[in-house]
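As structure tokens, one chain now follows by itself in the form predicted alone.
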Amino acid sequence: MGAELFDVVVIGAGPAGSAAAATVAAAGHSVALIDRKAFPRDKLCGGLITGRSLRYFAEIFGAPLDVTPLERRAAITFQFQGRPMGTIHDAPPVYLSMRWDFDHHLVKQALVRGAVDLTGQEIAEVDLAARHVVLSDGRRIGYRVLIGADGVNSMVARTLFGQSFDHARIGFGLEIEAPANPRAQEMPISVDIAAAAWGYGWSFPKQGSTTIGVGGLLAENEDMKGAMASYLAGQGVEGAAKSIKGQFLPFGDYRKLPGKGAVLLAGDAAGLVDPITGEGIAHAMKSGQTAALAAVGAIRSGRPEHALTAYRRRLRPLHRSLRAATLLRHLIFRPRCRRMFETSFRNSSSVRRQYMELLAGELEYGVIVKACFRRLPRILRLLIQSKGVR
């Protein structure tokens, strides 16, 4: 059986894959969008849509996201291991969504632009030598460029590198959908820094449910279920253990080499998740668009095998930001620094606001790193030189 040939095949139809497929289709090239799940489908995620996500959505899809169905929040309460650290009531607004709805909307944006719908199809094999993927029904789908946007457990990454992620550096999250609070619309979102080791907890009250979870570095959390139970108790939610979902999370463990030749990785498959704020949706969409533009340029030049070179060049700003965030993470989560950070965060409304500005895309990590070096040069040098720095 011969392979049906596309300019680009995208595996994974989440934010990264949908953005990639939409960008390729809008450029006039053929693209197949493959996902083992049919949409809508469930996804472990708090569903926080930031200002950065809104900006990227408008840039990629050519029109603003309709936020009417979403729930706007401009107040956020901070805690540190359960201890109150203040509330901001006029933060840059964020929006709460259910990934069931949001991801389905993104898929439809890709399909309406001309992407071929192969969602709900299992992949049996990725054949790099033949440049095609084999579906579970035996069909062969050929590509000039392949974009793996298939999440943290990426089959494409595993085919390229032997494993989807580094178990020593990966994060892990647990999450539930708790009953809705009748006063959800009036309640701020809540973030508990260090609710899990080298991670955080989140509580996002929505009209239909309250999304509650914890996440952190897996290697630093021998009892993630215990951390989740403690956080749920602190939120006044108990007896929900049967509904807990779990998922690996690539907290800042981004791939410096996000692919090989004509095969690119985007979103969680490339480890593009902020290690401090947990921002993943915006980075996924942007990397999907970036991978697609690199693919289109390489195909038009007649050298699809050069797609990775162009992609890496386009990804440099995002990689710089994630490197800076990974450095700052030590000031927040390292045990010997936690008390200093907690005191600073509790006593400074400007520090809390910077956190929200990071989420909103109004502030970049480079600015904060420079400020930290000015204020705490001796401590930062000690941390950088520490043998325990990851």
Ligand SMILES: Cc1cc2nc3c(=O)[nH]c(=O)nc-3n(C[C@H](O)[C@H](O)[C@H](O)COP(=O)(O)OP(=O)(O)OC[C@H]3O[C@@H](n4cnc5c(N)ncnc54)[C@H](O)[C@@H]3O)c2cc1C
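Because the structure is a prediction, the values reported are computed rather than measured. We number the residues from 1 along the sequence you see.
The same protein also has a form predicted together with this ligand, omitted here; what follows describes it.
J.: Are all three residues 80, 177 and 199 in contact with this ligand in the model of the complex, where contact means a non-hydrogen atom within 4.5 Å?
T.: No, none of 80, 177 and 199 comes within 4.5 Å of this ligand in the model of the complex.
J.: Can you pick the stretch from 81 to 89, 303 to 311, 272 to 280, 255 to 263 whose heavy atoms fall within 4.5 Å of this ligand in the model of the complex?
T.: Heavy atoms within 4.5 Å of this ligand in the model of the complex occur in 272 to 280.
J.: Which pick from 159, 181, 230, 247 sits with a heavy atom within 4.5 Å of this ligand in the model of the complex?
T.: Contact with this ligand in the model of the complex is made by 247 alone.
J.: Find the only residue in 146, 195, 115, 284 having a heavy atom within 4.5 Å of this ligand in the model of the complex.
T.: Only one listed residue qualifies here, and that residue is 284.
J.: With the partner left out of view, is residue 11 within 4.5 angstroms of this ligand in the model of the complex by any non-hydrogen atom?
T.: Answer yes; at least one heavy atom of residue 11 falls within 4.5 Å of this ligand in the model of the complex.
J.: So in the model of the complex, does residue 36 come within 4.5 Å of this ligand, heavy atom to heavy atom?
T.: Although this ligand is absent here, residue 36 would touch it in the model of the complex, with heavy atoms inside 4.5 Å.
J.: Using the partner position in the model of the complex, report whether residue 43 sits within 4.5 Å of this ligand, counting heavy atoms only.
T.: Yes, residue 43 lies within 4.5 Å of this ligand in the model of the complex.
J.: Does at least one non-hydrogen atom of residue 165 fall within 4.5 angstroms of this ligand in the model of the complex?
T.: Judged by the heavy-atom cut-off of 4.5 Å, residue 165 is well away from this ligand in the model of the complex.
J.: Counting only non-hydrogen atoms and a 4.5 Å cut-off, give the residues of 132 to 153 close to this ligand in the model of the complex.
T.: 149, 150, 151, in sequence order.
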